[in-house]
Ligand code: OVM
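Below you'll find only one chain, the form predicted on its own, shown as structure tokens.
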């Protein structure tokens, strides 16, 4: 990522946290990509990259583009985080390697395969309830209802208060942006949810057999401290629901917007996994993350100094025409290898297998019961500083 001849990074007059931008970031992504391989955004005082090659390279180069100083706009060397930093997302090696290794053993593929038949049965039952009922909002009825019916049991959470997971995660993802009105409003609204999550991460609140208790059992073996175990369980609760809710909503929206792709999937159900990956590339549920440079670095002939914040536009990278043909089209047969919807490199999303399997369960259930997914009104966005969140998704499911 270095070069011999360097020049000043061009400025671009875009505020990525302006409400109009958050409402429709894809409208501004071409300007970001066309401005160059790297740019400076005076509105937020940081550098940015939006092309696939540079975004992916930065995510892979964890030694230069570090996460330990925060993956949001705030620099943890200069500002106090709103809550103790994540030991995964906001950590660098060697700390990250130790905690990630522990969590990979807990969140194993084998444990997910064990629960998948139950998840599929719950998805089938939910789809059967929704089909043929007329117009309904797919966000609460499907995209929220399904993850909340399976994920808390996986972690081993108590039954009461599970509805707090979504407002808490909303705050967490808003906190990666500036301290704007959006963050202030959601922090106030989620005050009780934040306290519930803090309590739910404690050992005495977790059920035996769940992933949460398995983290504490790892602490008993000396793989981490018990204080670290609480923060690691919090990582599950922060990223395990709201991102999946929006991923499922995005997948359903894609099929409503591209009905020919739904019929293509009905004709070839074996494409479910590819359809889920394409929805992650096309829909951009997670739009952005920041890194901080650990040294002076030259990107495509432009200088970025040490200690600079760099905003990585993941969703813009995933629709880069330099990487994909006709990138604005949702195409379930597309080769999506290399998309950065879950990040890339050592900080790639821990819960990506959970998100994929939940989305696949929903897609398989809809295939079993639904012939058409029809829009029943305009989609409404729920503004978030990091997520391209779906607030309302009116649809109608016609029976198969």
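Residue numbers count along the first chain shown, from 1. Given the structure is predicted, the values throughout are model-derived calculations rather than measurements.
A second form of this protein, the form predicted in complex with the named molecule, is not displayed here; the remarks below concern that form.
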Problem - Interface segment, criterion being heavy atoms within 4.5 Å of the named molecule in the predicted complex, picked from 192 to 200, 158 to 166, 172 to 180, 139 to 147 - result: 172 to 180
Exercise for the section: Name the single residue among 304, 89, 265, 74 that comes within 4.5 Å of the named molecule in the predicted complex, judging by heavy atoms. Expected result: 89
Practice task
Taking 4.5 Å between heavy atoms as the contact cutoff, choose which of 235, 287, 99, 293 touches the named molecule in the predicted complex.
Solution key: 235
Practice task
Examine residue 315 and determine whether its closest non-hydrogen atom to the named molecule in the predicted complex is within 4.5 angstroms.
Solution key: no
Exercise for the section: Determine whether any heavy atom of residue 239 comes within 4.5 Å of a heavy atom of the named molecule in the predicted complex, and answer yes or no. Expected result: yes
Exercise for the section: Check whether residue 122 has any heavy atom within 4.5 Å of a heavy atom of the named molecule in the predicted complex, and answer yes or no. Expected result: no
Problem - Contact test in the predicted complex: residue 83 vs the named molecule, heavy atoms, 4.5 Å - result: yes
